[in-house]
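We begin with a single chain expressed as C-alpha cells, specifically the form predicted alone.
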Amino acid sequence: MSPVIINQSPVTMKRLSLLLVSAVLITAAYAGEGMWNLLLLDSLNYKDMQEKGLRLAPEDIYSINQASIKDAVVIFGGGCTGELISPDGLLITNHHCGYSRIQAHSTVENDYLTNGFWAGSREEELANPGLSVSFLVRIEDVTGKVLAGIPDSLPETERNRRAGAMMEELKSRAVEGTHYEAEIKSFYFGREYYMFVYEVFRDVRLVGAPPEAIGRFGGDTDNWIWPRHTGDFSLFRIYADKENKPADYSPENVPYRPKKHLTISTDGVKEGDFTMVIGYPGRTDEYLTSDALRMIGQKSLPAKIEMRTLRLQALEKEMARGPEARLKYAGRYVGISNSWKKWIGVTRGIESSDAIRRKKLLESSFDQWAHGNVADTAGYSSLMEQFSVSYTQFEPLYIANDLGYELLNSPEVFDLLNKTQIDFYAMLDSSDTFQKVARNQLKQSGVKFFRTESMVIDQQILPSMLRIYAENTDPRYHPGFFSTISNEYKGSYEDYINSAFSRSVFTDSTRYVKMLRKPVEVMRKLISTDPLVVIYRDFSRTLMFDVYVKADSLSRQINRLYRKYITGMMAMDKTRVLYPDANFTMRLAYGKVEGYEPSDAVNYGFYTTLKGIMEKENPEIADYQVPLKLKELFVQRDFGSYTVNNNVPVCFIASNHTSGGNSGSPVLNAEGNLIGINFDRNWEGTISDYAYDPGICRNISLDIRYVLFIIDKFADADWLLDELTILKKNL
C-alpha cells in the first residue's frame, strides 16, 4: 500500500489521519473488488490473479486468435448471462432468467412452472420467439478515434454529439459486409470508449427446467439472502443454419457448434479457493459522491420501496384467489419483488457499512490533496464544491423523475391507454383499410388487457402511489390534476381515482369496444378527455418538460465533474488501477470462496446442502415446499457421485464482485472449469453497486454438482449428461 504524497508540503496529524483513511479506501482494489475489462487483463490483473491461484494464460480467457472462455459466454435475452456447456449448443443460465419463457409455455394443463419441463429429445425442445443470445466476437479500444479532435473543454452536449456521430461511423465500418452487430460503450464517464462486436443467434429453445419448488426454492422469502438453497438453473439450446450461422427459427435448423464450451468440474470448492466470474454486470455506481449516495439511499429508494410494497400486497391478494390467478400474476410479482427486496438491502447496507461517511472521508482527502497542489491547472481544488452545488440543484429533479417514472410504469392500464393514443394518432389521415386494421389491432390489445383483470390492482395502488409521490417531491413538480384532488376531492386520492376509474373507457371492455367503433373525431374527444389519459398525459408532460429537460442538463454537467474526479483520483494515487463501472459489457471478477460475519456472533459458512432444504421444508409456506421425489432421494441417500460429506452441495458463496446482469454467469475455478452458476448476492452485500465492502460482499452461486444431481437423479434426463464434458472428482 503506497503512501499518498502531496507536493512535499507539510502534513498535520489530522491531515495525515485523513490520508491514511483515504489510503485504505482508494489504493489497490480489495480482494474480490472490481469488474475488469477482458481486453486489459494481461496488463492490469493477470499477475495478481496468478498470485491468487489462477492457472490459465490470459489468451485462455480472452483471445480473438484462438478459442477462449469468452467464446463460451453469452448475453442471454436482454439482461442475463449464459454459458455453453456442450459441443451441441446446450446452454445453462438461471431459472429466473428463463422464467418468463417457462411461464409462456405453461398452461393450467401443462404447468411447467410448477412441475418443471424436461425435453426427452431434441425434437421436444420448445421454440422461444423473440429470445436471442449474443456471443462477443472482439473488443476494441476506440477512445482515440472517438475523441479525436474533441477538446475536453467543449460543452458536454456538443462533446457527446460529436462523439456519438463518430461512434455510429465506427460501428458501421466495423460490421460492414458481415452479419455481426456492434456497440460502443463509454467508460469512466466518457474518459474512454470501447467497441464490442457481437454475433447474435435468434433460434433458442427451452430444453429443461426444474419445478419452481427447486428453481425458486425459498422464493421471495430467501431472495438476496444467505444461506441459500435454490436450484436456480434452466437449460436452453442454440440452433443455427446448416452453415452454423444465425438464422430465424426453422425446423431445418441444427444445434449450434460453438468455438468453445466449458468443461465441468465435480471437484467442488473449499474455503479459500480461487474463483472467477465472467459475464455481463448491468450497472454499478462505485464513484458516486456522498451527496449522490445520500440522495439515492435515504430519499429516492425508500419512497420507491413503499410504492412497490403496495403493488406486491395488491398482487398477493389477487394471487391468493387460486392456481389460475397465481399463474397469471407470478411473472409480474417476481419482476416487482426482485428490485424491491434488493433496494431494501441497499438502504440497510448504506447505513450498516457507514458508506456515506466513508465517501465523505475520501472526498475530504481528495480536496486536501487538490489544495496541496500549488499549480492546480486542472481545477481539482474547486471540484468538491462544484459537486455540492450541482447536487443541491439536481436532487429535487432526480427524485421527481425517479418516483414519477416508477409511478407511470406501475399501473397496467397505462400501457393500454398509451398504446391506444399512439396507434390512434398513427391512423389519422390514413386510408380506410389502414384504419380498419388499426381499430382491430386496438381491439385485440383491449381483449388481452381486460383478460388480465389488472384494473382491480391498478385501482388499489394508484391512490397511495400518488400520495407517496406528493409527499416526497417538490410541489413545483406536481402535475396540474393534483390541485383538482386538493380542491374538488378534499385531498382524497382514493375518491379521485375511484371517480376516474368509474368514468374511463379504459376500465370497461364494453365502453372500450364502443369507442373503437366511433368516428375518428368522436374517438379523439373520448381519448383526449378520458380521466385516466389526463392523469398519464399531465404526469408525462410534467416529467418531460419541467423535470427531465432540467435534470438532463444538470446530469451532463455532473457527468463532466465525475470524469474530472476519476482523472484526479488517478493522479492522486498512480499506483491504483480504477476499474470502470458496470455497463452491461463482458467483465471478469475474481475472488475466493469464503464465508462472512454480518453481525455480532453471526458467522456464515461458505456452502449449503440438500440437508438444509429438508430443514427448511414447510408445507404450509409456498416458498418452502419440497417435491416428493426430492424428499425420497434424500431419505434413500440416493445421491450418486454428487456428494460432499455424504450430502449433496447446493450453493456456495465467494467474494467475486457481481451485479445485476451477472445472473447466469459461469463461476470458474483456477483451471477455468465450471464449478457453479452465479445467481444472486447476499442482502448485506447489495451495497456493492455503490461501495464494495470486502467483509460482507458475497456473490451466491449454485454448485454445479447440484445441477448434475437434479438432471440425473431427479429429472432422469441422462441423455443431457451424455453431451457434457465432465471432469470426475479427484479422490
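This is a predicted model, so every value here is computed, not measured. So that there is no doubt, residue numbering starts at 1 and follows the sequence shown.
The form predicted in complex with ligand ASP exists for this protein as well; it is not shown, and the discussion that follows is about that form.
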Of 96, 359, 304, 237, which residue is found within 4.5 angstroms of ligand ASP in the predicted bound form when only non-hydrogen atoms are counted?
96
Out of 246, 660, 116, 411, which one falls within 4.5 Å of ligand ASP in the predicted bound form, going by heavy atoms?
660
Contact flag, residue 703 vs ligand ASP in the predicted bound form, heavy atom cut 4.5 Å:
no
Residue 536, heavy atom within 4.5 angstroms of ligand ASP in the predicted bound form:
no
Answer yes if any heavy atom of residue 224 is within 4.5 Å of a heavy atom of ligand ASP in the predicted bound form; otherwise answer no.
yes
In the predicted bound form, segment of 64-72, 32-40, 660-668, 45-53 with a heavy atom within 4.5 Å of ligand ASP:
660-668
Stretch 679-700 - residues with a heavy atom within 4.5 Å of ligand ASP in the predicted bound form
679, 680, 681
